[in-house]
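Starting off, we have a lone chain in the form predicted on its own, written out as structure tokens.
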């Protein structure tokens, strides 16, 4: 009976109910879309800082990431890559060797970072080789090829096929120098990488630095980047003494703080938007209760208990919440899908923004995250019930005789 009465009363004033329902649907759908777009921005930022350069997690000699000491190396036999990749959480592992020096082309010279990589393994961990504007990725058989950032190429005035003169400090105290040929030019959107990074063959850099059979770090790609911190703690216990495991949050603390702040701001956004929606629901049910005082008095005079009156009004609120939830979440899902597949390109109006160690690209696109649907849906139902509780409580406290007289 309560359900039948609730459905009938819900549509007694169709205009008011439809206006309230429209506000609830619009707020939930737009909120889901906004959360999806914000998640997309942070996913881009996290990918630019980790998947393009650092990796989700890095293994190195203790202290190397702080001072980048040329001599803090370890042998490939110290840590087995196949053993690391056997763990289900780790998708790929890539060894690296790093140096800093001066690169020149004709009369132009610039400071740069030389990152020695194994091209096949590195392509499975990071995505810089997929950001090529020109040229082609490095190949294992091409020991004197290099990939160079677009900003650095512009400063040097070099193009595909141009020769770079490399000058750096070798481990034996000599000056390492050699020639490289530019095979590709990448544009990551990150100012540091585009203006100062050169990717070279790991074997070539070992020879230049007189560090045979040495590497500075192993970069790891994970299936779940947000679970990197607990995995790093677990992995650290299985490594030999003298090694450390740093997750992307240790390497990019500003980004970790930014993502943590986003989790808080997401709840604030939901709270502010649903507070306004809750006030609309509160107004709707107060008006509904005032119009039905005589009806409530008649029901209570026929033996309906106060708790049943309260339950009746709350059932109406729950039904309205469920209707709006069904339509709102479906609409939010479609909008998020559209933004995930198509998005909005803003590159004609704004340039990439470096923030917290990552890069926010000039595009709007959404990603599907369960919490972005679950949190708005759950809170919409809670707000509907909370907003209707005061009107329901007032209706339950009516005295039958007084209610009939006032009606």
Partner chain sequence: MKKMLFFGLGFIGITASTALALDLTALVREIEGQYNGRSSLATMQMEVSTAHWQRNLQLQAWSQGRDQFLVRILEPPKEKGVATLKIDKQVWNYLPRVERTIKIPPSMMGGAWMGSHITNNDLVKAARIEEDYRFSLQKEDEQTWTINGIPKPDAAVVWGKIVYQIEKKRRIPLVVDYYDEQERKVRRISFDQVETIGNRTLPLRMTIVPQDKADERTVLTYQQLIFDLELDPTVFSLGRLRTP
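Quantities reported herein were computed from a predicted structural model and do not represent experimental measurements. In this text, the rigid core denotes the largest set of C-alpha atoms whose superposition between the two forms falls within 1.5 Å. Numbering follows the first chain given and starts at 1.
Beyond what is shown, the protein has a form predicted together with the partner chain; the following relates to that form.
Among residues of the shown chain, residue 71 is one whose heavy atoms approach the partner chain to within 4.5 Å in the predicted complex. Residue contact with the partner chain in the predicted complex: residue 133 places no heavy atom within 4.5 Å of it. A residue is said to contact a partner when one of its heavy atoms sits within 4.5 Å of a partner heavy atom; residue 104 meets this definition for the partner chain in the predicted complex. By the criterion of a heavy atom within 4.5 Å, residue 160 is excluded from the residues contacting the partner chain in the predicted complex.
Look at 105-113, 310-318, 83-91, 237-245: in the predicted complex, residues with non-hydrogen atoms within 4.5 angstroms of the partner chain sit in 105-113.
Just one of 227, 322, 165, 140 comes within 4.5 Å of the partner chain in the predicted complex, counting any heavy atom, and that one is 165.
Contact with the partner chain in the predicted complex, defined as a heavy atom within 4.5 Å, holds for exactly one of 177, 301, 330, 213, namely 177. A displacement of less than 2 angstroms separates the C-alpha positions of residue 245 between the shown form and the other one, with the rigid core held in common. After superposing the rigid core, the Cα of residue 310 is displaced by less than 2 Å between the shown form and the other one. Core-aligned CA deviation for residue 101 between the shown form and the other one: 2 Å or greater.
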